[in-house]
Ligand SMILES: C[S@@+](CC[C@H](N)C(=O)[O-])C[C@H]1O[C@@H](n2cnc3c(N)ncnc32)[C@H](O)[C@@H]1O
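Given as structure tokens, the chain that follows is alone and in the form predicted alone.
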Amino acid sequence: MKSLSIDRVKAIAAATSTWRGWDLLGVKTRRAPVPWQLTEVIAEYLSGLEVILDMGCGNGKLLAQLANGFTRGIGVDISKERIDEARLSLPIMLRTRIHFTRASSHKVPAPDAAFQVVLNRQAPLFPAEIDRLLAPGGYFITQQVGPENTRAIIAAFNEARWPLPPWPDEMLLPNTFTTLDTLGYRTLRSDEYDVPYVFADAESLIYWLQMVPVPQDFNIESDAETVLEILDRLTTPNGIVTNEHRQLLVMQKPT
């Protein structure tokens, strides 16, 4: 990867920033086996009768994948683009049972205790709103990006920009756990994994940096040198190797 120039890195960024739909087949990544699949974990707590909420639903695929397990699902996301995508991609046969609304997870337009299950996959966490929306005896299920995620990539940005801004409080799972635990919630499962994660090529890495992004204010004009440093440090014969750190939490509201 040393043969790449600053201009080439910027050209890749310009090309991948417009990737949509079928273009995303160009994103090539691999991950080592992990101890859980989120859809399987959630399915354990669904009987088919629940009304469920997905906070920070993104493109809506999680609710669509779980549709056989609940009566009605609501997805909220602050991004208009994501909500539009969720609505357009939802299969026609599910459109009477799953609805998507543009709203912040900080203030969901729904009455108190409206949901038997509240989901959150890697989106901001607002424990007071989770508690307001969840019915007594209901389940809160979340998977979050762990603080050690892509540690070598973060380290390169940290060296270039020292210091990086801290993560917002609403992205820290321990804060939500502490609040809900104080309210009497019962912890049913708490787990994490940290496994190798590989970007197959520079295009895949640079697309990821722009879309995630890491750090939050990534800008290819000012960060191209850091991207080159990452490629130099992490490239192996098997690809650009970093890690994926995820945390899982399942809690039940007291009755």
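Residues carry their position along the shown sequence, with the first being 1. Since this is a predicted model, take the numbers as computed values, not measurements.
Only in words, not in the display: the form predicted in complex with the named molecule, which the text now covers.
Open item on the list: Looking at 123, 173, 110, 74 here, can you tell me which has any non-hydrogen atom within 4.5 angstroms of the named molecule in the predicted complex?
Closed with: Spelling it out, the residue with a heavy atom inside the cut-off is 123.
Task: Sole residue of 158, 79, 178, 89 within 4.5 Å of the named molecule in the predicted complex, by heavy atom - done: Spelling it out, the residue with a heavy atom inside the cut-off is 79.
Open item on the list: Is residue 215 near the named molecule? Define near as a heavy atom within 4.5 Å, in the predicted complex.
Closed with: Flag for residue 215 set to no.
- [ ] Considering only heavy atoms, tell me if residue 150 and the named molecule come within 4.5 Å of each other in the predicted complex.
- [x] No, no contact at 4.5 Å.
- [ ] Would you check, heavy atoms only and a 4.5 Å threshold, whether residue 206 touches the named molecule in the predicted complex?
- [x] No, residue 206 sits far enough from the named molecule in the predicted complex that none of its heavy atoms falls within 4.5 Å.
Open item on the list: Since only the chain is shown here, I'm wondering whether residue 105 would be in contact with the named molecule in the predicted complex (any heavy atom pair within 4.5 Å).
Closed with: Contact check for residue 105: yes, within 4.5 Å of the named molecule in the predicted complex.
Task: Answer range among 129-137, 181-189, 110-118, 97-105 for contact with the named molecule, defined in the predicted complex as heavy atoms within 4.5 Å - done: After filtering at 4.5 Å, what remains is 97-105.
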